[in-house]
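Below sits a lone chain in structure tokens, taken as the form predicted on its own.
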Amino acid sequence: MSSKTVVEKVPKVISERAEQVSVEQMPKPVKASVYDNVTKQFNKAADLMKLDRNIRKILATTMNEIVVHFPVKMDDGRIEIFTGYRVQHNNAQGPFKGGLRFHPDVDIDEVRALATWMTWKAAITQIPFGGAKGGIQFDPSEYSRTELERITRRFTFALGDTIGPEYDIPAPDVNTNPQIMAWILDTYISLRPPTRRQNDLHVVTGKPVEAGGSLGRDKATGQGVVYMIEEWAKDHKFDLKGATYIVQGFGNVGSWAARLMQLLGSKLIAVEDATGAIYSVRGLDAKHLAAHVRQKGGVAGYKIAEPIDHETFMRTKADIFIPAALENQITVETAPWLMVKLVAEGANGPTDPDGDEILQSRGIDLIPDILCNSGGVIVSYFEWLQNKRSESWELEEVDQKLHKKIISAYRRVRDTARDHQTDWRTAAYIVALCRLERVYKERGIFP
């Protein structure tokens, strides 16, 4: 879309309420316990499938929880103390695997929940990983690049043997990226014996391609979301060409999902992130908007659209909603606002249990996070394999393997929902728990 395109006015009902929303003005819901939500979802599925009570005890808790406090020297010579986390939920299927996020809201409750979701994702997609997650509690936008590098490297040092290429493999998450992974890799292998260093490149995934990363990893989560939407459309005989969609969060996942949906002929009409929300009845060029976000830090100020408020964004009528921001966005308050056919969860935990019930009662389809956004961990597994084998796969091969893996997972969840006469989130949990139950029954419990 050209920057000279005339701005489309929002329909009167929207424009009367529209206003520019700053970070300070955006409604900040009270932070609910994300781990409580995970526990409720787990218990619902475990009850329905009659999960073995002993295995239920094991899966209901994390294995290891690491909290580190470490000092870092700032550019002006000051010392700041940072708090970092790494939670390892379960490794019955293979090494722990999960992202690292840098965000001021990171805490042990959130990281427990995210680690648990990673276990379910790996089990649903049948990849040989367990679940872990981690992060540092701070706002990276307030620090220079050199400070970010020192924070990252010092955190890696503090974790020590908590991570490892055959034990626990971090990856990017909120506010982390391939550069962060490259710093972690370099720090980790620098602490290894010289003869081991080239054998440990798979200690992290999501690396730059030049540092051993995989082609297609940058778009993997967004690509997986779009593969899920395509399969849902086939099941419902719904034509995505000309379909409208809205996206919350325009970082890596949201922007890639938006760009890939656009290639299918769908029309992006509204976007929201931490800086505000925008709308255009004619549609937004996702690629052009992504360039604006990279330059300006958010969607606010995008001149080829009309600014709207948070509630107006959530009430925007569209066919598909892709929440790709943070947790607890679709709640008892906001779920009644949605006017969509499908919610495809690009974020982790965007819908709380109350929001789930409302969406179900309103007949809105939902593809749950532990299925819908599993493309990232699938391609992380591919990157890990390539590093172990000293191979480099072409993008077409990565995309084909991702499509096969994630569509198989989609069909397992779809069929389980039908067989148990339950919602898709519960069905996804049942698929994961059944697989883990089989693993434990076959291997037994030591001693």
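Heads up: residue numbers just count along the shown sequence, starting at 1. Computed from a predicted structure; not experimentally measured.
One more form of this protein exists, namely the form predicted together with nicotinamide-adenine-dinucleotide; it is left out here, but the text below deals with it.
Engineer: Please name which of the stretches 300-308, 360-368, 248-256, 157-165 has residues with heavy atoms lying within 4.5 Å of nicotinamide-adenine-dinucleotide in the model of the complex.
Structural biologist: Flagged stretch: 248-256.
Engineer: Of these, Thr221, Thr351, Asn90, Thr125, which has a heavy atom no more than 4.5 Å from nicotinamide-adenine-dinucleotide in the model of the complex?
Structural biologist: Going through each option in turn, the one that passes is Thr221.
Engineer: Sort through Gly130, Gly355, Pro172, Gly134 and report the residue having a heavy atom within 4.5 Å of nicotinamide-adenine-dinucleotide in the model of the complex.
Structural biologist: The residue in contact is Pro172.
Engineer: Mark Ala324 yes when one of its heavy atoms lies within 4.5 Å of a heavy atom of nicotinamide-adenine-dinucleotide in the model of the complex, and no otherwise.
Structural biologist: Because a heavy atom of Ala324 falls inside 4.5 Å of nicotinamide-adenine-dinucleotide in the model of the complex, the answer is yes.
Engineer: Does nicotinamide-adenine-dinucleotide come within 4.5 Å of any heavy atom of Arg217 in the model of the complex?
Structural biologist: Yes - in the model of the complex, heavy atoms of Arg217 and nicotinamide-adenine-dinucleotide come within 4.5 Å of each other.
Engineer: Answer for Val226 alone: is it within 4.5 Å of nicotinamide-adenine-dinucleotide in the model of the complex, judged on heavy atom distances?
Structural biologist: No - in the model of the complex, heavy atoms of Val226 and nicotinamide-adenine-dinucleotide never come within 4.5 Å of each other.
Engineer: Although the partner isn't part of this model, could you tell me whether Gly346 comes within 4.5 Å of nicotinamide-adenine-dinucleotide in the model of the complex, counting any heavy atom of the residue?
Structural biologist: Answer yes; at least one heavy atom of Gly346 falls within 4.5 Å of nicotinamide-adenine-dinucleotide in the model of the complex.
Engineer: Taking nicotinamide-adenine-dinucleotide in the model of the complex, which residues of 88-113 have any heavy atom within 4.5 Å of it?
Structural biologist: If the 4.5 Å heavy-atom criterion is applied to nicotinamide-adenine-dinucleotide in the model of the complex, 88-113 yields only Arg101.
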